[in-house]
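There is one chain below, alone, in structure tokens, taken in the form predicted alone.
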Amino acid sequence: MEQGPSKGLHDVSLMSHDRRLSGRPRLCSDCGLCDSWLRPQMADTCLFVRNRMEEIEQRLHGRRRNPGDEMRFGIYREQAIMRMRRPVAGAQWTGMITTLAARLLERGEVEAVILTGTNPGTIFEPLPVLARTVEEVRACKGNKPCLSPNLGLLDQVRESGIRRLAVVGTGCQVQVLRQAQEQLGLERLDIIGIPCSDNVTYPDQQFFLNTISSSPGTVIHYEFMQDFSLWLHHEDGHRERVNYIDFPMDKLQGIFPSACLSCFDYPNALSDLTIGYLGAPLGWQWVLARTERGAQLLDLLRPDLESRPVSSAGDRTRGMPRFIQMLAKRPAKPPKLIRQMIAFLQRHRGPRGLEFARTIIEMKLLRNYTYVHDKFPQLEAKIVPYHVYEATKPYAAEYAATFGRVPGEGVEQA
């Protein structure tokens, strides 16, 4: 019998029914905090109890986000398109994060780095790692697109007497860290953020590969790319590409945890330095230095980087009304020939560069807002941050015409 996702499309649940998750909020991304000595602080730190994005931004930057791209991307000092001159073999993208984490240890700026490694004998099953050596950092290179309770390692940090720590984390992990930062008693906390969306458990990740790939057992790396397709790299060196329009969403939607569908921080806005790909051309990385420390971290890498100008092309607003309609009622899958034509138009005439980043982030904000409003209306005022309503204002008329309401209407934020 074919394995299915851990929850049905319309179920509201944790990412699994694992016993270790008992006692947590109904929404939980298993960031790991509740596995540490900080569990009693969960109610004050968890973004699914109360999203504290605005107050943390005030502490970090002394201000709210400016209108425009900061409402989508978060506050930043520098935005750049870069890549390693000599890419790290086997790393995600070109290896900037691996190189930076190793360099921080080499220079003695930190004593350890919290990373996501891989369980022995698997390719993608995540394993939280407290790396104390450059070799341990480099062993964690590569993409593990699964939920990983990395903050559970804070116990080891405390017990080891570590005072200078770097963390490579997802948005939910970073918001919790920022809220608990004063209690950690660290001399230094460097946070390198990974853009994150729709993470899954390891069993559901395997279900995803089995559903998407023609040879799931040989996939060694995959990435959602700016050409509106998923690239899957196989053991023999060949690359399989699956267009987004060809995804069997009727089978896949049940794999996404309710927490990930209730998160609004794809660009990891509370990190010191965000390194991803979303706003960059193919083969390049999108870098946002957000804090003074983030700018210093980027400077550590500059001698090994090449850069190109930030660019943007296309018009995301043309397709947004149709996307909003799809949120209300997913259409039937078009015939193959039509899907091929749509994929061609997306790739060659669709949003590119920063416009692609704006597109994906706005789509996630609208989709997740709709999910929270429908599934958790009593939590909307607590877990939907202010920038969601600001960023989606241009689509208020289309949204109201489809759903009969404007996002945020009648809601007073907690």
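Each residue number is its position in the shown sequence, starting from 1. Please read all numbers here as calculations on a predicted model, not as lab measurements.
We do not show the form predicted in complex with a small molecule, though everything after this point is about it.
Note on the partner interface in the predicted complex: the residue among Gln205, Thr291, Ser229, Thr94 having a heavy atom within 4.5 angstroms of the small molecule is Thr94. Proximity to the small molecule in the predicted complex, defined as a heavy atom within 4.5 Å, holds among Cys146, Ala343, Val219, Val110 only for Cys146. Heavy atoms of every residue among Gln173, Tyr266 and Gly276 are located within 4.5 Å of the small molecule in the predicted complex. With the small molecule left out of view, the stretch that reaches within 4.5 Å of it through heavy atoms in the predicted complex is, among 180-188, 312-320, 70-78, 165-173, 165-173. Using a 4.5 angstroms limit between non-hydrogen atoms, His234 is distant from the small molecule in the predicted complex. Of the heavy atoms in Thr201, none are within 4.5 Å of the small molecule in the predicted complex. For the chain shown alone, Pro281 is not a contact residue for the small molecule in the predicted complex, no non-hydrogen atom being within 4.5 angstroms. When the small molecule is considered in the predicted complex, Leu297 lies well away from it, no heavy atom lying within 4.5 Å.
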